[in-house]
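A single chain comes next, written as structure tokens; it is the form predicted on its own.
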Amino acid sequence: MLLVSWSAFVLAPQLQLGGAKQVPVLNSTEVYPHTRPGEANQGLQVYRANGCAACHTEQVQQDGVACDVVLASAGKNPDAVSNLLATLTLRGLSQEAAQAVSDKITAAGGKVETHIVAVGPDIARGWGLRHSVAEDFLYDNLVQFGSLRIGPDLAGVGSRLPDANWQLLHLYAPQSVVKGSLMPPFRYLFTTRKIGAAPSPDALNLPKEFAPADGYEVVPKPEAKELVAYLLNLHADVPLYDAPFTPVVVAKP
């Protein structure tokens, strides 16, 4: 029984993932993932040491994919295409339905693109653009999957909350930026000290109810900066062959 358990939980994963390497990004010449910068890698150890995985996961779940049909050009008969679009459903389609809609618009003279969209509760919450895959954790040691969501999933927190100052405020006084937050403050990662000849450029700009006494300031310790560097480095927002989606590109004015 011991041998069977060891084979299932140690040997099999090692054979499957032990030689994992960077993989190509879908429709790109780039590879994924990049190694984490040194400060972010140190922040992973701070994340681990403070037990953040007890309340947060780093694994976005996905139910499946849908197709959105996007009009690229109305062609030479815009009125006919416009009238046709008013009768069609363009979002959340199966592949077969998307193809049928595309054929109708093309027959009317329009040009379309079909976008792959990941779907599921985690995606709808804005926690990620696709489900988490093994490549996302290639350079993490130890991997902090987590199993409980008292707080939101953090797999894509660097994309949705990219402000380092916000992250520092959240660590020091969570309720200062998230009303009603259940997260405990990590104030031991900061130093409260008297203001010298001039305020420190690193001092937190805290709301009055969370600010220290007059003449004092709160500055982050190196561990706080490292933890924030790690959080800002959590993206998992590139399309892969085993986790595809179509990025939405906003045209520049």
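Not measured: the values here are computed from a predicted model. Quick note: we count residues from 1 along the sequence shown, nothing fancier.
Keep in mind that the form predicted in complex with heme C is missing from the display, and what follows is about it.
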Interface residue in the predicted bound form among 98, 171, 105, 138, criterion: non-hydrogen atom within 4.5 angstroms of heme C:
171
Answer with one of 207, 215, 184, 222: the residue that has a non-hydrogen atom within 4.5 Å of heme C in the predicted bound form.
184
Is residue 199 close enough to heme C in the predicted bound form to count, meaning some heavy atom within 4.5 Å?
no
Even though heme C is not shown here, does residue 145 get within 4.5 Å of it in the predicted bound form, heavy atoms only?
no
Could you confirm whether residue 190 comes within 4.5 Å of heme C in the predicted bound form, counting heavy atoms only?
no
Even though heme C is not shown here, does residue 115 get within 4.5 Å of it in the predicted bound form, heavy atoms only?
no
Tell me the stretch among 107-115, 152-160, 81-89, 128-136 that has any heavy atom within 4.5 angstroms of heme C in the predicted bound form.
152-160
Let me test this: is every residue among 65, 93 and 246 within 4.5 Å of heme C in the predicted bound form, going by heavy atom positions?
no
Though the partner is not shown here, which residues of 197-216 have a heavy atom within 4.5 Å of heme C in the predicted bound form?
none
